[in-house]
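Taking the form predicted on its own, here's one chain by itself in structure tokens.
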Amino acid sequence: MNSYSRLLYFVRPYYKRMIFAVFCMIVAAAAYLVVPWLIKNVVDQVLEEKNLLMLNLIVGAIVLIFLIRGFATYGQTYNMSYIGQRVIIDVREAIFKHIQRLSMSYFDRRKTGVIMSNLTNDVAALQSAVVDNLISFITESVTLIGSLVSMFLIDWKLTLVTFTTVPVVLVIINVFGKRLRTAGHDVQGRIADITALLQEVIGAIRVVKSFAREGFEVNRFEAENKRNFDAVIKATKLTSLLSPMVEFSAAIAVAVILWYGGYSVVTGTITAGSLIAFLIYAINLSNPVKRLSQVYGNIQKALAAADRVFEILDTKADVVEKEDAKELPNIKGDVEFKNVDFSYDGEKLALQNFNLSVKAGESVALVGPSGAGKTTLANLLPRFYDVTHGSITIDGVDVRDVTFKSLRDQIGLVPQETVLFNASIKENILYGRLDATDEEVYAAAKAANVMEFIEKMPDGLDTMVGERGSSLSGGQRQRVAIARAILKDPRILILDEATSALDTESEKLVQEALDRLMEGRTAFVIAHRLSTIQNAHQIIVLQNGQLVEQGTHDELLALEEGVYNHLYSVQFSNKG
């Protein structure tokens, strides 16, 4: 029950409401337990002794008891629902905050849809464990204990006879509980797979349609849906079997009570009212046992979701801040890579013995075939990953010795695949610096050539860009991203093939904006089109994670057998 105890940790801030809710549950259950005693008096005193005063008192008591029970039921339901909703919100926020702190490697290993499922489906499944099942657990436990005590008070021998079925019920619950936990894991996993598939297909719907693969994707979805159906049916079968097996055990107990109790009434050992009251308590006993078995099964399934949730919360970041990490002061922009090795998987090196010194204000172009290590360098500088060996310093300060925020606040990234949020153009630019004024946003937009297309839009900077910027063209999205970087005003820039996917006209406008952005800043330019980097202060040629050539455009082009010369010749001949 470790997962459940951890889940209850989230209840602790609301312990006052919980105490009151538990009190209401006890009152509601206790009120129900009084009724059989009243019925006993009806049979033994009202019916046999014709006592009308007792009849009036019992009727009045029943009305009062159920009035109290009604208020108690309201109190338990409202407060537990409140607590349940708060716990779900707190758990979801805890996961989201933790995910924000996890390293990029975590997202490399996980499908986006699975992470989304953890935050939605898995967390939602916890609510039943916190609210509905907890209410049932406490209420039925009070009813169970109260019924047992009352049965002992009426006839302890008959109670011991009833207990002969308890070991059988416990064995059944234990066996089915383990299987339900496993089945619950399978169900939550299948739901996550469906969510991941949906996210993947909807995100790539243009590709799906361009290849006319709608039928293929429908078949994939149907297969995942079928696997989910099979998992749910397996869990349902176990739940459906558990309840009747417990009920059958309870029915045997009732049959024993009827025979032995009836015999005791005939022989005068107990009264008829006592037997009726005992039977009611026995039924009260069987119902809680049955419901508790269902609750146990439901909690086991919910804990399968809890296991997945806590697995995320227990995941440690690969890249962490030092406890004594200091703030990186305003930098000039001198960058040095010293004997840097790096591996994504701990085996194959993506960078090997890499050395590079860049002075503040210089532009460095990173060139090489796919997989050479260009993007890896861009990921290491802002500490998305940590070097396996060696060091990276900025103005002589190791990036591992400073806080993430102070480091990344001074590094701007313009990726090849521009990511915009489903907000206005202004809000997307403001993401670069949230406290910027309207004038500063306008200036950044103008510098990035955003105003060139903004002026044609009726809502101007307040135009909504759609999901991932879908209402804008590729060049427009890229210019908004550049405006965001200009507003951030970083000392170091990383341009990850920022113009490779653009047409000639868009590339010209974007390149103009990039040139303005790079002025006076240290810039690392990952280049696909070599024509865009001819004016770089240094061009670094990478191959298989190693620096194989270094120099200016003219110097590298002069190396007739060089890698850069070959790459340039291939691009030039393709254009021809």
Ligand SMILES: Nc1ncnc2c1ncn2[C@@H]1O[C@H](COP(=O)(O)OP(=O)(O)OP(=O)(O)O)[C@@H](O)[C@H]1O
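All residue numbers are counted from 1 along the displayed sequence. Being a predicted model, the structure only gives us computed values, none of them experimental.
Although not depicted, the form predicted together with the ligand is the subject of the following passage.
A350 belongs to the set of residues with a heavy atom inside 4.5 Å of the ligand in the model of the complex. Looking at R521, you'd find every heavy atom of it more than 4.5 angstroms from the ligand in the model of the complex. Put simply, Q410 is far from the ligand in the model of the complex: not one heavy atom of it is within 4.5 Å.
Among heavy atoms of Q416, some come within 4.5 Å of the ligand in the model of the complex.
Contact annotation: of the candidates P329, G371, G466, G262, the single residue with a non-hydrogen atom within 4.5 angstroms of the ligand in the model of the complex is G371.
Shown without its partner, this chain lists T375, S471, N228, S363 as candidates; in the model of the complex, only T375 has a non-hydrogen atom within 4.5 angstroms of the ligand.
Annotated contact segment (heavy atom within 4.5 Å of the ligand in the model of the complex): 341 to 349, selected among 146 to 154, 341 to 349, 93 to 101, 479 to 487.
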